[in-house]
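The chain below stands alone and is given as structure tokens, in the form predicted on its own.
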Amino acid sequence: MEAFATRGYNNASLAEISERVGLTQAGVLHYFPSKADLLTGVLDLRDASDLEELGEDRPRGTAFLRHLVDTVRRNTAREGIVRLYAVLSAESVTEGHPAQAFFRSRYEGLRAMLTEALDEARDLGEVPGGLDSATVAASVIAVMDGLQVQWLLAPDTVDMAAAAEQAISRLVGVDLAPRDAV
């Protein structure tokens, strides 16, 4: 994770990664047949840890929005993972990048999950009825990703969690319930 996060996919070498994990290059390639497979494994591990924290049942309605803010708060203690995501998601827009399909799928899944939560919140009367859930979902994700980059560049200046909470609240038109109320 650290090699990809600090050097990017193209600049991180298998030799460097092998040395970091205490294996030969052949040893790493035994577990991951290619550097692209290793990258996908790292990204899958990152998402698995986030899904594990979420549990089997995701929060519904605005409770899911609160969960997003709480995730941002937890991310302030996981700088390496945040950097990995920021670097590789940006790199993945280049032609032929091995993580492009992963990030396309991930963003599609995030938008769908957030759109569903916003529709639930609307149906529960927690947010205004005229909300365009799909557009708000894409906007929330953009805000969260942009805040990660700003925080990585100025961690003492940018309060990711506070900024995410304020932006999400403004996008959906309601204040989020306090953390201890959900």
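The first residue of the sequence shown is number 1, and the count goes up from there. Just so it is clear, the structure is predicted and the values come from calculations on it, not from any experiment.
The following text describes the form predicted together with another copy of the chain, which does not appear among the structures shown.
Checked against another copy of the chain in the model of the complex, the candidates 36, 113, 29, 152 yield a single residue with a heavy atom inside 4.5 Å, and that residue is 152.
This chain appears without its partner; in the model of the complex, the one residue of 69, 121, 143, 43 with a heavy atom within 4.5 Å of another copy of the chain is 143.
Not displayed here, another copy of the chain is kept clear of residue 22 by more than 4.5 Å at the level of heavy atoms in the model of the complex. With a 4.5 Å cutoff on heavy atoms, residue 100 counts as touching another copy of the chain in the model of the complex. Contact annotation: residue 131 falls within 4.5 Å of another copy of the chain in the model of the complex, judged by heavy atom distances. Among residues of the shown chain, residue 75 is not one whose heavy atoms approach another copy of the chain to within 4.5 Å in the model of the complex. For the stretch 6-21, the set of residues having any non-hydrogen atom within 4.5 angstroms of another copy of the chain in the model of the complex comprises 6, 7, 8, 10, 11, in sequence order.
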